[in-house]
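Next up: just one chain, as structure tokens, the form predicted alone.
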């Protein structure tokens, strides 16, 4: 019995080591695939800035005015500011990750441009789900 254990133990250890090596190679492959991905270049040159109207013209300001604008630099050197308009409104929204299992029922919220809103609640209450709906990571099931 002892001779059998003495003989089979190193074989078991080698198989465990090989399993670890195979998993490491698979992980390494995924890492190298990620490193080989083409770099995403941000061609966006439009930024969101605080703005205010001065003599009827929208200008950038460091002070918080509650007015937001897209700062759009042009190739000829001039700057254009376009006021951010629009509200976020969800009215009587139902949502579920699975079609027959709704997890959010009759959710309504409203936000003005530039307004800060906090989602507070217990774990599993739907805070992240609502945020993902606002960012359009998921489509709303029922309106």
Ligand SMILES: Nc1ncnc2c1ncn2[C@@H]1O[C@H](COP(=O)(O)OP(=O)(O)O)[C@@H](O)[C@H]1O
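Numbering follows the first chain given and starts at 1. Because the structure is a prediction, the values reported are computed rather than measured.
Although not depicted, the form predicted in complex with the named molecule is the subject of the following passage.
None of 30 to 38, 77 to 85, 91 to 99, 110 to 118 except one has non-hydrogen atoms within 4.5 angstroms of the named molecule in the predicted bound form; the exception is 91 to 99. Residue 46 falls outside the set of residues with a heavy atom inside 4.5 Å of the named molecule in the predicted bound form.
Remark: residue 124 counts among the residues lining the named molecule in the predicted bound form, judged by a heavy atom distance of 4.5 Å or less. Although the partner is absent here, residue 7 lies well away from the named molecule in the predicted bound form, with no heavy atom inside 4.5 Å. Taking the partner from the other structure, the named molecule in the predicted bound form has a heavy atom within 4.5 Å of a heavy atom of residue 103.
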